[in-house]
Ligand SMILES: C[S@@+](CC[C@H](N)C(=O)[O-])C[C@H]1O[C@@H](n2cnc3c(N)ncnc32)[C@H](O)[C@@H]1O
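Presented below, as structure tokens, is a lone chain in the form predicted alone.
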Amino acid sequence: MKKTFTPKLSPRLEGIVSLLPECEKVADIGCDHGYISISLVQRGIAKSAVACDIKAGPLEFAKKNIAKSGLTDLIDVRLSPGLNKLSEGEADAIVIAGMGMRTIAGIILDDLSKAKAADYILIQAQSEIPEMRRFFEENGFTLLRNKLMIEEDKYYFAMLLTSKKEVEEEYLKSLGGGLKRLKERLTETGPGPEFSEFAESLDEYFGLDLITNDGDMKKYLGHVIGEWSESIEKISGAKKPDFEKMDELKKKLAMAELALELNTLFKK
């Protein structure tokens, strides 16, 4: 019997695949080699998939991998800029991974009704993570869960979102109350009254679920604290210090230090 192709996923791709709940059909936007679509269908997370890419070259590569995996009948391949070739409501889950924040925001805004027709949107942005979270909140989506992946000493964040209240309620119920309950727990056990001033910013910058439940956040927070502290020193030692930028970094540093304190508290 001929052995079918099973992709070996990097930690980043494994984190993306493991974050998506079970669905009928997933649309993988910017599919590249097709590994996400193939893995989701092979594992039974999605019953079928639509693999889309704006470039013909990667799409041909994805077609070959899909054929080798024996999933040609279950994974449709489309040359498509963003969600352009996807029908509204066709997929109940949409994955957009490995792109910059502005590219992802542009894809969503170009076809906002299509994005909102899906039960789940799974995003893995390569840049401007706080801005990405803020963008989706401003456009009617609820952030259900964050995920941190570490690959070759680089940090990647994925986020699962929905615009549907009934999906939000069902998913968060399975997590024991979701963000609302997390904020209550942090208020009850946090370091002091100053927490209330930072709650929303902490969630936007780092994700409260990661702060309270992810042991790898200690490493990430230590990394950004060191990076931002070094930047503050460089600015303060400059001939013409950029005090506005320094003040911004000091605020971010204070949030990171509080996040680290909370992470240590909750991970004891």
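In this text, residue numbers run from 1 along the sequence as written. As the structure is a prediction and not an experimental result, all values here were calculated from the model.
If you look for the form predicted together with this ligand, you will not find it shown, but the lines that follow are about it.
Picking from 135-143, 86-94, 148-156, 73-81 the stretch near this ligand in the predicted complex, with a 4.5 Å limit on heavy atoms, gives 73-81. Contact annotation: residue 55 falls within 4.5 Å of this ligand in the predicted complex, judged by heavy atom distances. A residue is said to contact a partner when one of its heavy atoms sits within 4.5 Å of a partner heavy atom; residue 30 meets this definition for this ligand in the predicted complex. Though the partner is left out of this view, residue 17 does not reach within 4.5 Å of this ligand in the predicted complex, counting heavy atoms only. Mapping the unseen interface onto this chain, residue 12 counts among the residues with a heavy atom inside 4.5 Å of this ligand in the predicted complex. Note on the partner interface in the predicted complex: the residue among 160, 167, 99, 105 having a heavy atom within 4.5 angstroms of this ligand is 99.
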